[in-house]
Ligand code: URA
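Shown below, as structure tokens, is a lone chain in the form predicted on its own; questions about how it binds or moves come after it.
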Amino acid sequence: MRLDKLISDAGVATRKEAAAAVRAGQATVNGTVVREPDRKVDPGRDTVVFRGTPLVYRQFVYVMLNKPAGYVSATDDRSLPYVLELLPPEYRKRGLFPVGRLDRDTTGLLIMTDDGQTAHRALSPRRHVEKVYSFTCLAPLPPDAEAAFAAGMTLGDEICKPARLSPSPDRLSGTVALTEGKYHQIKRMFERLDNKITSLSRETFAGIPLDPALAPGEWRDLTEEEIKTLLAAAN
């Protein structure tokens, strides 16, 4: 691997910034200053120090974010707050992006990564990756609501896959489990029942639950076990 690419992949500089810094003598490989950005290094064997900080190479980064309301699930937006702004600069430089989207007013678990292949597979309809959401609604759900969700509801010219609705005893809240993600799907399903969602939050994605220790807007790296769970679901 090229030295400037390793530095860029570590999230501490862009590829262009890394190359300029290397030429300026700001990187060492195994204790020796290297000024060639294209110098080949082995991430598993060579010790690379950039601007005085040893680098730990990770091919991909996987992040769990507790998305707050008001943020759009995007990597950039000219007029609205977007989720990438909630991550530190070294993560933003890596080019992380959301795995799927949550509506601006929907909160909860959002996984972000720079592993495009895994993200694509996790969102593929063929994988049937389950997402679980908690909700509150305006009026009590009718007695046949569970059956309507389980049968596969029709929304306009779209037919939804069977979903699992689990209401609370007062039928004003509960959870919905989906294996797809059509546009505003849960909100539209409730509208078909002449009801309205008043709050919606994603609790799990692909078997990974939202860490209850994360306040809205906070994030952490996925654990090794969670990464294995995500990769297994995607593959």
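Numbering starts at 1 and runs along the sequence shown. Owing to the predicted nature of the structure, the values given are computational and were not obtained by experimental measurement.
Below, we turn to the form predicted together with the ligand, even though it does not appear here.
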Can you work out whether Leu200 and the ligand are in contact in the model of the complex, taking contact to mean some heavy atom pair no more than 4.5 Å apart?
yes
Is there any non-hydrogen atom of Thr113 lying within 4.5 Å of the ligand in the model of the complex?
no
Looking at the partner-bound form in the model of the complex, is Thr118 within 4.5 Å of the ligand by any heavy atom?
no
How about Arg58 - does it come within 4.5 Å of the ligand in the model of the complex, if we only consider non-hydrogen atoms?
no
Answer key: of Arg39, Arg192, His184, Arg171, within 4.5 Å of the ligand in the model of the complex (heavy atoms) is His184
From Val132, Ala122, Leu141, Leu102: within 4.5 Å of the ligand in the model of the complex by heavy atoms is Leu102
The ligand isn't shown here, but in the model of the complex, which of 163-171, 184-192, 204-212, 39-47 has heavy atoms within 4.5 Å of it?
184-192
